[in-house]
Ligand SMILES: NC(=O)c1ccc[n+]([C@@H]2O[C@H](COP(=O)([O-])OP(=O)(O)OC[C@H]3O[C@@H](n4cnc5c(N)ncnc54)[C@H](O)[C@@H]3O)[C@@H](O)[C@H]2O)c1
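Presented as structure tokens, the chain that follows is alone, the form predicted alone.
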Amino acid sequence: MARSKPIRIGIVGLGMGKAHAMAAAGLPGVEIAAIAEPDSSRLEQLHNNIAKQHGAKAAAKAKQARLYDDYKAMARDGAVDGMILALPTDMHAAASRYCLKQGVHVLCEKPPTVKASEMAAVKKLAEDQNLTYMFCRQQRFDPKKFATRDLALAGKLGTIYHAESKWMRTRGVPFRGGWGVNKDSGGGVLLDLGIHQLDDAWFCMGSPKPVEVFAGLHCGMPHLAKGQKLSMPYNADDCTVGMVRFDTGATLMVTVTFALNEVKPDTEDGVIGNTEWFELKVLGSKAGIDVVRNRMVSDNPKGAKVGAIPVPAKLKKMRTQIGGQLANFTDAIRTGAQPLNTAEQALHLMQMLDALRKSSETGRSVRIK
């Protein structure tokens, strides 16, 4: 049943969770009811930022949030309706399961889990408990991506047969003390950046069912860790190239890097710094879309016509990024509707990521059952 009371949100971790808290502080019908963060300086910084962006009244309200030492105590206490889990990757599955068992709705940072089998268990538990589970993919909440997806699903692009997605960094390794580049802790570019680029293209294509993948995961730049004083080895992938084939026959090529000896397009010769660039294209038999460059190439009697992506006025006004994601999550709690980023999609996404990793390890393409 729909509810009129504010949705009480608990935030676990004010690293990435800080952005979620800022969004919650400015969203009508939502209150920050609890926070779990051991670093008091992060709490003070959050309150100051809320005051600057949303005003003193919002900051004072945020200061009323209950404080906890860990997420388990928060979940057990009954003070929140939903929790945002902004924890290290290898804690996502266990934390999601624990919160769901306590009857709390979950919005979990990406990747939703480390492997597909963990996500399958989370999905089943959310369904059994009749609770909302949503995984973080705020980049979906973009008018151009929504418009591309709607055009694809409506058949306006014709038969979707290929997509390409890239996130290229030249010198942008997130060491994070070591766990960001350690494969045993869930580090590496596939789970860090690859999940974004894979999901962006998959979402824009209309989320067809994946059936087979082929990939190469490369750990090519561990020498960049010199002087970083890492607590664990740099042994995860810093460059991943993969291809996914779907049950529609369409293919998707994804490339992501933390560090690469390549020059950003249109960059003058010189020393490579920490630069990055993106590509996101969806190609159909009637039209193709370049999301990053806001271009649509479509059939025309006189030849191909090039123009901007047609974004309806309603989509231009939509809440975007983390604010849009949080609004969607809390609306799902309030109404019982499915969120945009569903547990089923999280499972398909983890199946693709698992298969990409396995393909690299075996040197063969991998079927997804």
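Note that the rigid core is defined as the largest set of C-alphas that superpose within 1.5 Å between two forms. Note that this is a predicted model, so its numbers are computed, not measured. Start at 1 with the first residue shown and count on from there.
Unshown form predicted in complex with this ligand; subsequent notes refer to it.
Comment: this ligand is not present in this chain, but in the predicted complex one of 334, 63, 54, 42 has a heavy atom within 4.5 Å of it, namely 42.
Checked against this ligand in the predicted complex, the residues 91, 120, 241, 225 give one hit for a heavy atom within 4.5 Å, which is 91.
Looking at 172-180, 148-156, 278-286, 291-299, the stretch with residues near this ligand in the predicted complex, meaning non-hydrogen atoms within 4.5 angstroms, turns out to be 172-180.
This ligand in the predicted complex is not approached by residue 346, whose heavy atoms all lie more than 4.5 angstroms from it.
In the predicted complex, this ligand sits within 4.5 Å of a heavy atom belonging to residue 192. Residue contact check for residue 9: none of its heavy atoms lie within 4.5 Å of this ligand in the predicted complex. By the criterion of a heavy atom within 4.5 Å, residue 50 is excluded from the residues contacting this ligand in the predicted complex. The partner is not shown here, but in the predicted complex the stretch 12-29 reaches within 4.5 angstroms of this ligand through a heavy atom at 12, 13, 14, 15, 16. When the rigid core is held fixed, the Cα atom of residue 334 travels less than 2 angstroms between this form and the one not shown.
Residue 319 is not among the residues whose C-alpha shifts by 2 Å or more between this form and the one not shown once the rigid core is aligned; its shift stays under 2 Å.
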